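Below, in structure tokens: the form predicted alone, a single chain.
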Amino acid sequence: MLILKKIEAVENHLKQLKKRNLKIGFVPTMGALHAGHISLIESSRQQCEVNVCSIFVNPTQFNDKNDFDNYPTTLDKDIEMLNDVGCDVLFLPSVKEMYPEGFVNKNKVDFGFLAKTLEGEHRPGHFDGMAQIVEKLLRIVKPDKLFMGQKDYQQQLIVSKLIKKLKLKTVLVISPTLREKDGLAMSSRNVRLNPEARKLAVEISRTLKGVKAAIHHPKSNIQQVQEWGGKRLSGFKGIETEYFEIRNADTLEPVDLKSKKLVALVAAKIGGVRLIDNMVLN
């Protein structure tokens, strides 16, 4: 695996490969890799000849400095995992390399309601920072396909909109959320959970499964099911629920008809660690 730290080196290397008409797949990450990330690399390998992964903890998408400072870093292990899965190129830039002129976003894209609700409401500026770095990475790598997971549901909707707005020639490929055996969605933040919090965290996916079962009952309505999900989760001592919502799966707009494609989305703090999860309901 080739490890490159400079933008120019990545661009020059991939330019030569593109001249040979090789398809490039790209998986952007913030490190602390787990099986979910590796599954994205595997999908890229199946669909593309060249596989690129980036590891960059992006400061502009953290509205909580403590969250940024405590974000787990396991670089040696990450490199070993990427080597084992057959990744071709690892882009490992510094903050200065990605933001040579500072953090000001001169090309801010307006995502409207999609970026203002849910995560956007609880983490102001998060999606501006996320879109800022994704655009930078896409313009550097110029991948044929971009691979992301469904766990960051709102994020992948915004990235899809970003690609369309900027008219980039990249196809976004979304992979299902990978879960631990007990149902907990795989996340880099899971390593920060102490044993008690880790045991409690499984109630997030259990609640989502309960909501999915309840929504199919002929006499249920969306508001009732949503309230049940929120109350069930918040009923556990040690779980601080930020939101539990059922929304239109394509727009994240509130819905009242079960005929629409629905997704349940949740954010909760457990043991001081903020976790998100979601489940498509129909």
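These numbers come from a predicted model, not from an experiment. Residue numbers run from 1 along the displayed sequence.
Unshown form predicted in complex with a small molecule; subsequent notes refer to it.
With the small molecule left out of view, which of A197, I140, L178, L92 would have a heavy atom within 4.5 Å of it in the model of the complex? Comparing distances to the small molecule in the model of the complex, the residue within 4.5 Å is L178.
Of these, L157, I163, M98, M148, which has a heavy atom no more than 4.5 Å from the small molecule in the model of the complex? Spelling it out, the residue with a heavy atom inside the cut-off is M148.
Would you point out which of 43 to 51, 253 to 261, 25 to 33, 232 to 240 contains residues with a non-hydrogen atom within 4.5 Å of the small molecule in the model of the complex? Only one stretch passes the 4.5 Å heavy-atom test: 25 to 33.
Any chance Y71 has a heavy atom within 4.5 Å of the small molecule in the model of the complex? Yes, Y71 is a contact residue.
Contact test in the model of the complex: R247 vs the small molecule, heavy atoms, 4.5 Å: Output for R247 is no: heavy atoms all beyond 4.5 Å of the small molecule.
Answer yes if any heavy atom of L193 is within 4.5 Å of a heavy atom of the small molecule in the model of the complex; otherwise answer no. It does not: once the small molecule is placed as it appears in the model of the complex, L193 has no heavy atom within 4.5 Å of it.
For V134, is any heavy atom within 4.5 Å of the small molecule in the model of the complex, or not? No, no contact at 4.5 Å.
Is every one of H37, D152 and M186 within 4.5 Å of the small molecule in the model of the complex, counting heavy atoms? All of them do, each having a heavy atom within 4.5 Å of the partner.
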